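Below you'll find only one chain, the form predicted alone, shown as structure tokens.
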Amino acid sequence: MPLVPLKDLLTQAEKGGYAVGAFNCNNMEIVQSIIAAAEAEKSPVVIQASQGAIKYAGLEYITALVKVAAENTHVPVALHLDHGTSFEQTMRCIRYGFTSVMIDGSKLPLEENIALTNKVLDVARAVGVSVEAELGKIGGTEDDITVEAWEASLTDPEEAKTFVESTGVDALAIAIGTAHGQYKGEPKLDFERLKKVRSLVNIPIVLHGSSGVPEEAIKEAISLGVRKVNIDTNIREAFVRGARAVMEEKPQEIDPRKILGPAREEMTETIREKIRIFGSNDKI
């Protein structure tokens, strides 16, 4: 089926009280594993590409891979730009057929973030493309900051209210204690902050940096209004785990298919598990 806007998936997730998994891709095997998992679990799914993935694989390749995957499956698929940081980049993705883009102006002052988001929204709305924005700093797990600085980087609920009222974005990524990459310890999510934000804004909330967050914490966040959960690191870990097992058992193996095939299977199982945690299984 054709690619669908992210907003359509999140509207259904809001009605059903679950979250849609948004899984990062950068090659064919990852795209195939995402689709295989979604089909097996009868779940809608978001396939997203970061700036790094686009630089690695090329925008044309990423778009073509996901479009072919969507056209040959019965599950609803949205193609999303993850952490777009410029107006120009979001426009390129829209032109190539992305059905959703994230404009990340979180490093900018509030008014500048609002202005940049609205600039993207003006174009995206006209062509039926969904827009996600971000408030607060969702850093990397290696970031070395003090407790005070960490708390200051989290999303201010009142700013979230102002931002949503001033833009009307389809989804808002907020910082409540998650981070990108592999965690050294167990992340502590600020659920009270999430509750406050959700009480002030009536749009789907997005949780970034969710790989490594305990299952119970993810489910709690979903119960409080998170409707899109991003996963990347866990997929990379599964890929390496599957490929490494083959290469360690058969060090003379030179057929990429016999190395990447098991890696793909490992990723599929990881993604299926996430889908069940998010509660989007058996929704189509």
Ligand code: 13P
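Not measured: the values here are computed from a predicted model. Quick note: we count residues from 1 along the sequence shown, nothing fancier.
There is also a form predicted in complex with 1,3-dihydroxyacetonephosphate (13P); it is not shown, and the following applies to it.
Interface stretch in the model of the complex with 1,3-dihydroxyacetonephosphate (13P) - options 106 to 114, 79 to 87, 188 to 196, 122 to 130, non-hydrogen atom within 4.5 Å: The contacting stretch here is 79 to 87.
For the three residues Gln12, Ser43 and Asn281, verify that every one has a non-hydrogen atom within 4.5 Å of 1,3-dihydroxyacetonephosphate (13P) in the model of the complex; reply yes or no. Checked in the model of the complex: no contact with 1,3-dihydroxyacetonephosphate (13P) for any of the three.
Taking 1,3-dihydroxyacetonephosphate (13P) as it sits in the model of the complex, is Thr63 near enough to touch it, meaning that at least one heavy atom pair lies within 4.5 angstroms? Thr63: no contact with 1,3-dihydroxyacetonephosphate (13P) in the model of the complex.
Ile231, heavy atom within 4.5 angstroms of 1,3-dihydroxyacetonephosphate (13P) in the model of the complex: It does: once 1,3-dihydroxyacetonephosphate (13P) is placed as it appears in the model of the complex, Ile231 has a heavy atom within 4.5 Å of it.
Any of the heavy atoms of Thr155 lying within 4.5 Å of 1,3-dihydroxyacetonephosphate (13P) in the model of the complex? No.
Does the 4.5 Å heavy atom contact test between Thr268 and 1,3-dihydroxyacetonephosphate (13P) in the model of the complex come out positive? Contact with 1,3-dihydroxyacetonephosphate (13P), no.
Using a 4.5 Å cut on heavy atoms, which of Val169, Leu135, Ala179, Cys93 is close to 1,3-dihydroxyacetonephosphate (13P) in the model of the complex? After the contact test, the surviving option is Ala179.
Just to make sure I understand: among 193 to 218, which residues lie within 4.5 Å of 1,3-dihydroxyacetonephosphate (13P) in the model of the complex, judging by heavy atoms? The stretch 193 to 218, when checked against 1,3-dihydroxyacetonephosphate (13P) in the model of the complex, contributes His208, Gly209, Ser210, Ser211 at the 4.5 Å heavy-atom cut-off.
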